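The chain below stands alone and is given in structure tokens; this is the form predicted alone.
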Amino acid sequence: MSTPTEIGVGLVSVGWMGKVHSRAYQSVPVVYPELGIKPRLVIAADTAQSRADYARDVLGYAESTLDYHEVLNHPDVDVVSICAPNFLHAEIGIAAAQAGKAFWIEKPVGRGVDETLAVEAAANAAGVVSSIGFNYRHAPAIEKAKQLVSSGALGRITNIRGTFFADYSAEPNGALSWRFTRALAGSGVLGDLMGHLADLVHYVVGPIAEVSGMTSTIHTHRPIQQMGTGTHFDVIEGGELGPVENEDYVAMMVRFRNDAEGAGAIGTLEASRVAVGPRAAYNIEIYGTEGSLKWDFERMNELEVAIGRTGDLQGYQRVMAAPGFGDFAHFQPGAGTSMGFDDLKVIEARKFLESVVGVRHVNSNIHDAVAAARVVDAAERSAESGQWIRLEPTAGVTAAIR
């Protein structure tokens, strides 16, 4: 057996997502032994000493620090996971590129399209590999949906509907964390959930060409929370109120780029962080001239498919993810034994590391982040102006790979 290729890993921020990234790296040699890649957890940074210690003592990093620059400057670090709060993403992403480190960064990459473009420019200048935390791409049912669309099994795609509805901010007395402040978060649910949805439809259907959007802030004030205390999920009764500076809900109409026949699909996309009822109801429906399909993240391992207009078995059939659907066989031996959220991050780590060693380049990259950011930006500008916004194509995306 050949000696595995060792890749030194650095981590910036040891929160929930930092832990998920760390577990994903550790799982790659187990889930994908044929790759011959062995990540080594070298150094992790966090501004809190307790979390830095956790990275070393529990997650297994050889070193920890309170200064992320030590991660970027470490000679044994080949790749960096950037899992800090949104307002630090661009700063750290640019610094990672300038340090010559390949980076896997959570979305949104920037607090708007300009910051995202700045990270793209830095990555291009340095020639480093980048990967983005668009994890919903990697669900085996979504990979099968992409295959059905690209193979023509659904015919010509005519219209789509996407809804990313969550309840993580549904409590009116939920703390006024940084997520609700424009200077720290940029947009609200646009950057948080709509960015995911934009990438998902880019990946499965194709590039969005035009956007008409509208936004709404449902809970305009929330109790103030001091920076660095508590979490986004804290509920504060009777506290001093401060203004919510970004949107809770967004809806948009979209037109996709024309296909080979000169026809482009149309559709609607919605996202909410304050819905009461949905927990993480991230849905996509795709309709074509020969069939349609539906997927819901809350039932991640299922796909509803209808193909054909004749016969006595018309209508939707529930299909369980199984070997042959994306990377499912690497995790489970047969349909009905389900995969989970963390597994999607293992697939994401696999695609990132493959790109780093030059095996394949099918991971989402900084250009995909720019494409999604442009949709988000167009929706926000359209909501202000009431006009349709046309988008130019983004070069270098992997969403276009069929």
Ligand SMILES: NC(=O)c1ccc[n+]([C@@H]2O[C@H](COP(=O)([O-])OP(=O)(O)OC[C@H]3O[C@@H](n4cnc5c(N)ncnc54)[C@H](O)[C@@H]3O)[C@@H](O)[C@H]2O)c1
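When you see a residue number, it is the position in the sequence shown, counting from 1. Here the structure is a predicted model, which means the values were calculated and not measured.
FYI, the form predicted together with this ligand isn't displayed, but the following is about it.
Looking at 317 to 325, 153 to 161, 129 to 137, 214 to 222, the stretch with residues near this ligand in the predicted complex, meaning non-hydrogen atoms within 4.5 angstroms, turns out to be 129 to 137. The putative spot formed by A84, E106 and W178 is fully lined by this ligand in the predicted complex; each residue has a non-hydrogen atom within 4.5 angstroms of it.
Proximity of S13 to this ligand in the predicted complex: non-hydrogen atoms within 4.5 Å are present. In the predicted complex, at least one heavy atom of H89 sits within 4.5 Å of a heavy atom of this ligand. In the predicted complex, this ligand stays beyond 4.5 Å of every heavy atom belonging to R350. Residue contact check for S338: none of its heavy atoms lie within 4.5 Å of this ligand in the predicted complex.
D192 is the sole member of D199, E247, D78, D192 with a non-hydrogen atom lying within 4.5 angstroms of this ligand in the predicted complex.
For the partner-free chain shown, A45, D46, T47, A48 of 29 to 50 come within 4.5 angstroms of this ligand in the predicted complex, judged by any non-hydrogen atom.
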